[in-house]
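Here you get one chain, nothing else, as structure tokens; it is the form predicted alone.
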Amino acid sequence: MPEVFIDNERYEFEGDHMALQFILDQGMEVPFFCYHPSMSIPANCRQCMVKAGQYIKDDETGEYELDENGERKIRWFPKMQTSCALKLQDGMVIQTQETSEEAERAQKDTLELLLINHPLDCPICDQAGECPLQIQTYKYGPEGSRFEVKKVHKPKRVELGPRVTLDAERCINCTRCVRFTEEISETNQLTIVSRGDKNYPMTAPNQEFDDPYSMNTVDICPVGALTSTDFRFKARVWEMNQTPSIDITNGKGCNIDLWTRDNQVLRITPRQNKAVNDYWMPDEGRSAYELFNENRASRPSIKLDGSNQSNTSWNNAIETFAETIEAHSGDDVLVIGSPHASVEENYALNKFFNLLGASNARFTPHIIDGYGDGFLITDDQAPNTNGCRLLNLNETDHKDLATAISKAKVCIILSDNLVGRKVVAASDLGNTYTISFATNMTETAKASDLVIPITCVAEHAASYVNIDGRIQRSFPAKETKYTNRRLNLEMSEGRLDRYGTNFDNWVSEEHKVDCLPLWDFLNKLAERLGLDYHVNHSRTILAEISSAIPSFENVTFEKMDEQQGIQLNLDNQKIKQK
């Protein structure tokens, strides 16, 4: 098998490998800026320099030549090599900055050259704390600079488009952003303009950077040149908690990280998953932070005598709910599940009302034909359509659902804005007592007689089945009025959470929503109704689903965590993917 020697250690390899990626895969480090594993290799930053050579082999005997000490002779390449563009060969010898003074000096000199015109504004730069240039300068850079000259000035605070702002002085011309628009999103909206030390990325004249994936360029920018317009100057990275989650704005289920501070989601960034979204996500998924922070359903609300809704207590909401159920038979109750809600929520709701004699829950997919782009934006606007199908909920079109609502005396809706997406009109709900389990005060919630606020994807652990049949799960990132970050082992805890008090300006109880997980509310309702129903956690629900429904066999949170989701069998399901 081919072998390569890196920093005096022997490694075997098969197939084609570039030296930099191979080194990174072995858990070692070589600094770099322009290289990205999902894009072409320009080798233009020159930061990943290594010393490389080849063991000398006799062409006739095939034996390695030895020196006077019995060691293999090495023929070093005449110049330092960029490891990102260096293809591994059998018998190759590589020395990184760890074992080669030449490689160490080359990297240090490169950083000194990159910093000639780079503004030293780390204290005010949004990238501070997660900036590869800043980190590598501390680790591999010079103690100072020999270039005590006035720096070249370039355009600042340039709004390239509606979501991305450019500070051109910080650009090191890695061309990652340009290559992204050429190779990944394929919009070709960015290019490098000007020449020499005055160049920077820009759009064509009179054009804006409105690429639907534009903010991925912010993620991959190795400096603070490209920044998110709506996140600029909002928070430092070390002030926020980073929590893995799932994008719920469409059916692809992109893996994401939720960044929270003071119990508000301040930004959303993609999390790598080769099987789903690689390193990317669409821009519209990043605006979901508004759903998690704004217009939330907080504290139950009720309509009295057909008037406007007013807040009420949880006890009164439970009592009103119970009295409504007790006053009607199961045949009078219509249960509507939701492709926007999790697997556990749909299952728990359906089981609860099945025990009360109600028919199987219905759901209506949220499909916009032609909306998808064949990449990460889909026609399906909901994160869990296939989850509803695999749970065997009754799939219903708009017309049939409106008819069913008109016949029902009690309509229970799970986290789906049916009015807002024009499945039904608000007037269609006027002749039935409507109860909404809602995360936000949508048009449907406002038209309901009783609103029960429930946790959203940012506040609970639950699973969703994407358009390709892959089940993935979320982690709680935000506290509610009834949860505590320190007591929930699934929640991350940052410095501000650990040391903040109610007297600090970064801690606000107002940012905690007065809501419950659906299963917790159903437990309380079951106790009031005397119903034999109780679940401790979403894990308990998933364990029951796994044992009861063949499609979910052996599915657990632990396996989803280990495998970054589990591929389910969709052979018997109708899949609509565009």
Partner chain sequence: MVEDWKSYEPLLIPDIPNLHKIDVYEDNGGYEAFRTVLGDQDKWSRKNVTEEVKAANIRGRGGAGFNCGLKWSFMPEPDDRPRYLACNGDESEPGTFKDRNIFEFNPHLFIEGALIAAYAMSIDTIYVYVRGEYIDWVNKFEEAVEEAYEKGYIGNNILDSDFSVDLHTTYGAGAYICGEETGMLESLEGKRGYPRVKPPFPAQKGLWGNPTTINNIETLANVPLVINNGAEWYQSIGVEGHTGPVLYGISGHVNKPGVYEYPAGMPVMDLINDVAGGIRGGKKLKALIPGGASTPILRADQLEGVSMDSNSLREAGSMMGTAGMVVMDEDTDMVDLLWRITHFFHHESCGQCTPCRDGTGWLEKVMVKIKNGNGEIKDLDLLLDMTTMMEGRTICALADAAAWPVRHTITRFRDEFEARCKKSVHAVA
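Numbering follows the first chain given and starts at 1. As the structure is a computational prediction, the values presented were derived from the model and not from experiment.
In what follows, reference is made to the form predicted together with its partner chain, a form of this protein that is not presented.
With its partner chain left out of view, the stretch that reaches within 4.5 Å of it through heavy atoms in the predicted bound form is, among 194-202, 254-262, 472-480, 228-236, 194-202. Though the partner is left out of this view, residue 137 does not reach within 4.5 Å of its partner chain in the predicted bound form, counting heavy atoms only.
For residue 172, a non-hydrogen atom is located within 4.5 Å of its partner chain in the predicted bound form, even though that partner is not displayed.
Shown alone here, residue 355 lies farther than 4.5 Å from its partner chain in the predicted bound form, counting heavy atoms only. At the 4.5 Å threshold, heavy atoms of residue 184 stay clear of its partner chain in the predicted bound form, well away from it. Residue in contact with its partner chain in the predicted bound form (any heavy atom within 4.5 Å), chosen from 328, 105, 73, 398: 105.
Here is the short version: of 422, 274, 498, 79, the single residue with a heavy atom within 4.5 Å of its partner chain in the predicted bound form is 79. In the predicted bound form, its partner chain lies within 4.5 angstroms of at least one heavy atom of each of the following residues of 144-183: 146, 147, 148, 149, 150, 151, 152, 172, 173, in sequence order.
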